[in-house]
Ligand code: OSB
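First, one chain by itself: the form predicted on its own, in structure tokens.
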Amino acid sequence: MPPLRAPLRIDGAELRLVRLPLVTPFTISTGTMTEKVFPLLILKSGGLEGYAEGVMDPLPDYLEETTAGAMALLRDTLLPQVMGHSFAHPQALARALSPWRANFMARATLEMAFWDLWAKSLGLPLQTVLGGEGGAIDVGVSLGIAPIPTTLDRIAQHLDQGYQRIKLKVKPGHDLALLRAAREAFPQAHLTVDANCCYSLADSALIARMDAFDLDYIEQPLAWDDIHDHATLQTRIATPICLDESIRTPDHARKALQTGAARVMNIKVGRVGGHTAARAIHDLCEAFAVPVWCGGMLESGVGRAHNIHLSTLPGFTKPGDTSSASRYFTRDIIEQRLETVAGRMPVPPGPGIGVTLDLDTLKTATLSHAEILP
């Protein structure tokens, strides 16, 4: 970690609710998204600004947090708690938020914005203060549910673009036939599946049939709040299980690793409460020799930049969901273009997360705007 500077005082904040239409509807087992609506936080100290976005959904269909609830918690409780206060480093701010139960995504929004602010105050890239290095990261792609011929066309297109892993969304009735067609068409491709919690232990025999398709891993097949049944399922199948929704804290990660519930782990910084917890989970997985990768939540360029910087830590050895922003948005809210080159995503250079806001686009995309002062 770089030398500590004087404690950083939080002078103010802007909290916006932002809407970005998706280029293509994105369908998973729980439903279809046509737009991304999210909180955007701008945290201020002196002449510096730190940026982060919330990854909760409007409805509690991924996890229990909602956009409206997070906006209220940030505006009425979390931001007033830190306004006018100084923090020596991001871990100090994370400790100040720790007494609040759950609400990991709302807390992450504030903690991540402070990481960006703190890195900028040091004149260093976020990856440096997190402990990462390198100028680019390996990237995979996540494909939503669609008719099998459409999905095969999308796989071919993204393999041609150099993406290093193809993740297919599955659900009961849209699984084995899809995998059979995909593996026959692309015998050498790195394929994974993501069930988003739509199976149960009663489906063990069906899930075991996925072993035939040489998948890198099966992501979150069982309940969003379960670890124990995933450990049981792993004894019944050969394909590694990767956990996503089940891992909210370093303690969850430790229990999953100790019980064999996860042979791969998806770290979403917004899901686990911020970079402090994400680094702790990364370190635990390294100790257990379990590879990790960075998941995505259809973030704008602000959240995508945070994910890219986090993915430069050494344990992120599998391609993450940090694909080109143009796959999702016609216009992003940042000035930089975050685009992959031959299956690699460049790390945005410069202090902090390395991106600046496109204020004209942000203005048209903003649904609400609040200023919070000491």
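Numbers follow the displayed sequence, beginning with 1. Just so we're clear, the structure is a prediction, and the values are computed from it rather than from any experiment.
What follows is about the form predicted in complex with ligand OSB, which we do not show.
With a 4.5 Å cutoff on heavy atoms, residue 297 counts as touching ligand OSB in the predicted complex. The closest heavy atom approach of residue 192 to ligand OSB in the predicted complex falls outside 4.5 Å.
Heavy atoms of residue 196 reach within 4.5 Å of ligand OSB in the predicted complex, making it an interface residue.
Contact check for residue 316: no non-hydrogen atom falls within 4.5 Å of ligand OSB in the predicted complex.
With the partner left out here, ligand OSB still marks one of 362-370, 21-29, 347-355, 6-14 in the predicted complex; by a 4.5 Å heavy atom cut-off that stretch is 21-29.
Proximity to ligand OSB in the predicted complex, defined as a heavy atom within 4.5 Å, holds among 37, 48, 42, 33 only for 33.
Put simply, of 282, 107, 169, 230 only one has a heavy atom within 4.5 Å of ligand OSB in the predicted complex, and it is 169.
Remark: all three candidate residues (142, 268 and 328) come within 4.5 Å of ligand OSB in the predicted complex, counting heavy atoms only.
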